[in-house]
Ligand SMILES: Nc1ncnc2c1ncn2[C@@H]1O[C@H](COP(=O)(O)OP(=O)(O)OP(=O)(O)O)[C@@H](O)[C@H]1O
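Here's a solo chain for you in structure tokens, the form predicted alone.
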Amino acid sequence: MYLQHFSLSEKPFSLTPDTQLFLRSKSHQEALNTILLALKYSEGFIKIVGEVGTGKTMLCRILLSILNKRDIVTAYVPNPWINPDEIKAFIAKEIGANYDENMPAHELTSSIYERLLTLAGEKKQVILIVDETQTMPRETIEALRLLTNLETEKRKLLQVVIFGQPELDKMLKRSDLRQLKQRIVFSEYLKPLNFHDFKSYVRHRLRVCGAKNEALFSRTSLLLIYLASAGIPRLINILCHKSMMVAYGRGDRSIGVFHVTKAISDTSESHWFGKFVTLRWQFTWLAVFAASVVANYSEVTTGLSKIF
């Protein structure tokens, strides 16, 4: 692999969520602040929505790492495609309630309630974090809502943070889920990175992974990656990784326009501008002009001349 070639200790653009590589961008920090504020005031449901690849799972992991350092009991559901009995059994086991697989549903609910009361008496919060909530069956969501009815005179015994794609908002518009929707007091929408955060994101990952040269990517190559990824972290990772692979294969020590356009042309998910700049016909000069106006980089013409 290219680690030794670029003097790196690990892959900076892996798709696996690694909390060490987390960058507190504006949108992600706002979402995290909202969650922590809502949890502080014991709100029942908190909702975070974001498009595919915007970093919801990473934010889940960061939230768990923060909460686990406090006197808080947490449970994390990465795959919510489970039925109501399974979600109750999962919660019971995670919070240490008495549980038996043959236990009737009403006894299981009572056991969860008793355990939640015990934890509340010990002044411990219990927080359930659900990822990819848009895939959760309607009956399971309703079971979660009923569990959040468990409360003392002063606070909720169980708080739930739900993460999902935009389909989650569409699902919550259903009339049979209106009671749950009314329980969601705090919500945030994860946005793609702006250009400033994007540059910080790339350099932060390179720095954490031991890069001696944080300017490994040229300014114009960064611009093209940003336009092709539309600021979506997962696409950024894919394009940066592929660009580095192209450079490694050629024996190059830095990433330029040539390497990035090769990566873009190999990535079907790239956004329209990224695909546009790889075309080999009359629109070439328009692409050069547009990129030059936006970035004012002289490298664009030189880089594209290598391709065409």
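Each residue number is its position in the shown sequence, starting from 1. Just so it is clear, the model here is predicted, and its values are computed rather than measured.
Below, we refer to the form predicted together with the ligand, which is not included among the displayed structures.
Q: Which among 230-238, 211-219, 112-120, 94-102 is in contact with the ligand in the predicted complex, heavy atoms within 4.5 angstroms?
A: Result of the contact check: 230-238.
Q: Only one of 30, 266, 269, 51 comes within 4.5 Å of the ligand in the predicted complex by heavy atoms, so just point that one out.
A: Of the listed residues, the single hit is 51.
Q: Check, residue by residue, if 14, 18 and 165 all come within 4.5 Å of the ligand in the predicted complex, counting heavy atoms only.
A: Per the other structure, all of 14, 18 and 165 touch the ligand.
Q: Closest heavy atom of residue 142 to the ligand in the predicted complex, within 4.5 Å or not?
A: Contact check for residue 142: no, nothing within 4.5 Å of the ligand in the predicted complex.
Q: Against the ligand in the predicted complex, would residue 132 count as a contact residue? Criterion: heavy atoms within 4.5 Å.
A: Judged by the heavy-atom cut-off of 4.5 Å, residue 132 is in contact with the ligand in the predicted complex.
Q: Is there a heavy atom of residue 205 lying 4.5 Å or less from a heavy atom of the ligand in the predicted complex?
A: Yes, contact at 4.5 Å.
Q: Is the gap between residue 201 and the ligand in the predicted complex 4.5 Å or less for some heavy atom pair?
A: Result yes; residue 201 sits at the interface with the ligand in the predicted complex.
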